[in-house]
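Next up: a single chain in structure tokens, the form predicted alone.
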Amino acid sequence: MDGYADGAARACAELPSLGDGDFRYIADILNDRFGISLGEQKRSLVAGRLARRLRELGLAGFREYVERLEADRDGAELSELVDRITTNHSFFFRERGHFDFLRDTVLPGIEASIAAQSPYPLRIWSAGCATGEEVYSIAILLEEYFGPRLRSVDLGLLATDISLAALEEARAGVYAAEKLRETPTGYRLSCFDPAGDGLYAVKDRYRSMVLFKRLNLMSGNFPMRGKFDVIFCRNVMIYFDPASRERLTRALSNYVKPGGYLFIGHSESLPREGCPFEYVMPATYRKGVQGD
């Protein structure tokens, strides 16, 4: 066995065993609290992602970890669990077609409908913002589209996530060069500052445009006033079972203005029947103009 294979075999052998009862407890609490659905095929993933947490806490195995979760009164360990299980993989201008559609179709339509108002009210929500690449991409595009007119926009740009660790990274706005791989060269030069060690920092003017908040999308009743012109909720529902996806879709529809848009991930879809949104194109939906 070569060195790499031997090391991998040792690492697998050193993983604590995640028994049926402990796995079911972890899976059930994630599903009940956050709508995250973990089937049996995810058992090894859960064990691998939590192994480091067990070492940090000095625990011998998953039975002790479940006991800690059961005794978790302030939700701190539950928050750690969500951080370790969910994948916050993103990069700037991911699924670029959405941003093109926002620039070429959505924003002109919004601007035309509110032209008589000053300042223009514009509300956009990045739901499940992970480490911030999506919402900063939106901010960059808004500046490009409006230019000097952006000063005449009453902009509300909200970004939420369940993960405190992801939100901390998003607020810092510092990223590895790999996260900018889909970013047009002009944006890379004008919207980021080199931060050393191959890192790039989003310019402060974009960070100041965004309000970051922690939010559990399974709570249903969101603490926001008013409705949004656009909601990005991409690659979030892939974690959910069908019932949770339906609940979230209906909850989001309550926070979209009539004629407003919902973007989801290209690996996701909404049911055609009984859906509060109208299909526009893959991963793009619109709320009917008569909706309320």
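Throughout, we count residues from 1 along the sequence that is shown. All values derive from a computational prediction rather than experimental measurement.
Not on display, but discussed next: the form predicted together with a small molecule.
Does Ala130 make contact with the small molecule in the predicted complex, using a 4.5 Å heavy atom cut-off?
Flag for Ala130 set to yes.
Does the small molecule get within 4.5 angstroms of any non-hydrogen atom of Ile36 in the predicted complex?
Because a heavy atom of Ile36 falls inside 4.5 Å of the small molecule in the predicted complex, the answer is yes.
Is there any non-hydrogen atom of Leu54 lying within 4.5 Å of the small molecule in the predicted complex?
No, Leu54 stays farther than 4.5 Å from the small molecule in the predicted complex.
Is Asn216 near the small molecule? Define near as a heavy atom within 4.5 Å, in the predicted complex.
Yes.
Which of 28 to 36, 42 to 50, 55 to 63, 252 to 260 has heavy atoms within 4.5 Å of the small molecule in the predicted complex?
Stretch with heavy atoms near the partner: 28 to 36.
The small molecule: the contacting residue among Leu150, Val174, Ile162, Leu157 in the predicted complex [heavy atom, 4.5 Å]
Filtering the options by heavy-atom distance leaves Ile162.
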